[in-house]
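The data below hold one chain only, encoded as structure tokens and taken in the form predicted on its own.
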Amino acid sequence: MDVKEKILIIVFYGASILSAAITLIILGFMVVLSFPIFSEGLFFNILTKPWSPDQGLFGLGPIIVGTLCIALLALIISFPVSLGCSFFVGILNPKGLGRHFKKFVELMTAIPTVIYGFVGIFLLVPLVREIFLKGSGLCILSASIMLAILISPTMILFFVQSFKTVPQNYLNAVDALGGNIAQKFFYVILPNTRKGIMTGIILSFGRAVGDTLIALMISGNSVAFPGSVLDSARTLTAQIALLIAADFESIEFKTLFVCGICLYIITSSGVLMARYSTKKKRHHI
């Protein structure tokens, strides 16, 4: 190993350690600033109780539920669409119309989130209201559909890139055996790109959980526990945006850092679950 390789290894290891350290420092920062809540034994009450500052209740239970409902529903909506689009772009027609569609998807990643929010307010929300004839249209379903549109380009690009990692020998073997393109996709490509697909899902879920503007503009911002996808809800990021001007010394303000801790736990749990699932399936194979 020459000097250049050693330097590159040191640089990459240093970047990895620095990234992990920054993440832990941010978590520590949130824990320190929310310490009064821990010291007074209010942490678990805040996680489960409703939000009603007028009654002295600063619970984040409905907000956590709203966050998970919107993010998971967005993921459920976007995954099959993204998988189908990536199949068209990467497998079915990679050099024809699929190549131009991929450029369009790449362009979508550069559109500001607020544009999606405006489209949702003026087009999607009235449509949902007219179809279901219930509520104002500012609900979990509207926010989830728009979030699904937002995170789909990320999924599509990761899926297409992971399809390229399948060894060409495997694909040639399917062709030699007379397999069609659907068999090639389901029996060869998908099993060998599980890790890349899971990475795309994790990043998309993280973006859905961490988005602020779409949830703030379209979800309705209700702090009650939602009973259906047509009910309004508030997310943790929207809660942070709406309460940032609260008194620094108040419990209400301290709950902002609990929101940050909850976001950290949710995204980290998704990563760990996906990693464990990938390893388990790999062992079975």
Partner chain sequence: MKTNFTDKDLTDKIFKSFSWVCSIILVGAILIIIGFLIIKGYRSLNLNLLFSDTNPLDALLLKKPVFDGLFPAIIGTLLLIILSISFAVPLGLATGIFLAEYCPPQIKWFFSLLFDILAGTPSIVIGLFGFSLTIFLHHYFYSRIFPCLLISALSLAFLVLPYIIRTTQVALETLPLQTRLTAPGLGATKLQNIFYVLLPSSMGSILNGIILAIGRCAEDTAVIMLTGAVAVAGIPKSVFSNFEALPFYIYYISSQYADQAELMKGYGACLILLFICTNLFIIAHFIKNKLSKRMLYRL
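Just so we're on the same page, rigid core means the largest C-alpha set that superposes within 1.5 Å between forms. Treat the numbers as computed from the prediction; the structure is a model and nothing was measured. Residue numbers count along the first chain shown, from 1.
We do not show the form predicted in complex with the partner chain, though everything after this point is about it.
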Check: If you check in the predicted bound form, is K103 within 4.5 Å of the partner chain, heavy atoms only?
Finding: yes
Note to self: Considering non-hydrogen atoms and a 4.5 Å limit, does the partner chain approach F158 in the predicted bound form?
What the structure shows: no
Item checked: Contact label in the predicted bound form: G260 to the partner chain, heavy atom within 4.5 Å -> yes
Notebook entry, point to check: Taking the shortest heavy atom distance, is G210 within 4.5 Å of the partner chain in the predicted bound form?
Noted result: yes
Notebook entry, point to check: If you look in the predicted bound form, which residues in 103 to 131 sit within 4.5 Å of the partner chain (heavy atoms)?
Noted result: K103, F104, V105, E106, L107, M108, T109, A110, I111, P112, T113, V114, I115, Y116, F118, V119, I121, F122, L123
Notebook entry, point to check: With both forms fit on the core, has A224 moved 2 Å or more by CA between this form and the one not shown?
Noted result: no
Margin query: Superposed on the rigid core, does the Cα of I26 end up 2 angstroms or more away between this form and the one not shown?
Written below: yes
